[in-house]
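First comes one chain, alone, set out as structure tokens in the form predicted on its own.
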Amino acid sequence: MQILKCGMASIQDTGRTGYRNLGINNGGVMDRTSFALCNMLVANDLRDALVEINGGEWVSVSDHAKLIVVGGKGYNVFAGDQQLNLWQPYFLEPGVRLKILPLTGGGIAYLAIHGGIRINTILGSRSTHLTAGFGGKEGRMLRTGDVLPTAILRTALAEKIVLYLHRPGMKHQLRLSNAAIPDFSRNTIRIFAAHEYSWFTPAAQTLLGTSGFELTGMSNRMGYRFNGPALQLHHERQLLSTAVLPGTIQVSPDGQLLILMADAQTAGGYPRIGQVISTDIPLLAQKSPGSRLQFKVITASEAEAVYLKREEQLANLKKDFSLIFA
């Protein structure tokens, strides 16, 4: 697949695990829910690499037919002049231009192609690590003119999906139901207290759970910064750099929230007031600057229960999808 026009896009998968002791973060996709759903819809393994589009226009073309899907938030998709639905697999004919165009308000789109992006793995992942300059396409963002290696042969399940799509009147039946599509309109993010939560005044703890916080433009794959009421410590304290991970909520010296995202560093020195539950990190990732969010504090046990329920829902959805073609 050749890229004819490229905004801010990179190759991502679920990232690298087991190397944080070497200072190498997990990285990977910002929105793991959309990533998993897109891979499911084109009969991929749920770890296969795809294209993450964080802004700008995408246009590509391929010499071979492709089973593709685009998911996520904030984009229109066209195959030639035909507008396609998000969350619906399509059989893209050779030579037809695929266009993914951003809408006002932004978001992150995911382009999954059956078989995944077939680049070499580094430390067990195909994800682009921009800071270290490895993984993905030469460790950098994708560019116009790049050619993405993709699979030509299809699996048995993918063949069945393609046959289904060619049945008269059936292609629209494979779109995800609205109930299965993530609700990106929700503005409440669930968190639980982190190690330094007790360092903050009762007033600050109350403000965290009751006030609105606005996402600023000082946000990227490494972290999101918010404007809101200043959260005060009981008294000034020094914190040695300690472990952080995606979803960790730090408080800067001016009392503002910083939430670490997919490309977060492995250690930080700001006090950690909370941790976004893993199930809600994809929702947070899809928020645009200017979004006003609230945080709901729950217990770690409740967070675990939410995670297990979501994993069960994804497993059942994948099973139900494959049964369509049994």
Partner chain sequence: MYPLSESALTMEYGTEISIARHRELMGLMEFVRNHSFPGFQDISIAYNSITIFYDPVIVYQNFRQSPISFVEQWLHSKATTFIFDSILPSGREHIIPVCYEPPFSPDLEAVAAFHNASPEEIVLAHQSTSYYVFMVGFSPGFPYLGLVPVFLETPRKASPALRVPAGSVGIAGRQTGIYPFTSPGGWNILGRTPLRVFNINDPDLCLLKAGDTVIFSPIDAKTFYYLNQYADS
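Positions refer to the first chain, counted from 1. Worth saying up front: this structure is predicted, and the values here are computed from it rather than measured.
There is another form of this protein, the form predicted in complex with the partner chain, and it is not shown here; the text below is about that form.
Under a 4.5 angstroms heavy atom criterion, identify the one residue in Tyr90, Phe192, Tyr75, Phe226 near the partner chain in the predicted bound form.
When the partner chain is considered in the predicted bound form, the option within 4.5 Å is Phe192.
Of these, Leu176, Ala151, Leu215, Leu123, which has a heavy atom no more than 4.5 Å from the partner chain in the predicted bound form?
Checked against the cut-off, the match is Leu123.
Determine whether any heavy atom of Asn21 comes within 4.5 Å of a heavy atom of the partner chain in the predicted bound form, and answer yes or no.
Asn21 belongs to the contact set for the partner chain.
Should Phe134 be counted as a contact of the partner chain in the predicted bound form, where contact means heavy atoms within 4.5 Å?
Heavy-atom contact with the partner chain at 4.5 Å: present for Phe134.
Since only the chain is shown here, I'm wondering whether Thr242 would be in contact with the partner chain in the predicted bound form (any heavy atom pair within 4.5 Å).
Result yes; Thr242 sits at the interface with the partner chain in the predicted bound form.
Using heavy atoms and a 4.5 Å limit, would one call Arg272 a contact residue for the partner chain in the predicted bound form?
Yes.
Counting only non-hydrogen atoms, choose the one of 274-282, 66-74, 253-261, 50-58 that falls within 4.5 Å of the partner chain in the predicted bound form.
Heavy-atom contact with the partner occurs in 274-282.
Going through 288-303 from first to last, which residues have a non-hydrogen atom within 4.5 Å of the partner chain in the predicted bound form?
Contacting residues: Ala300, Ala303.
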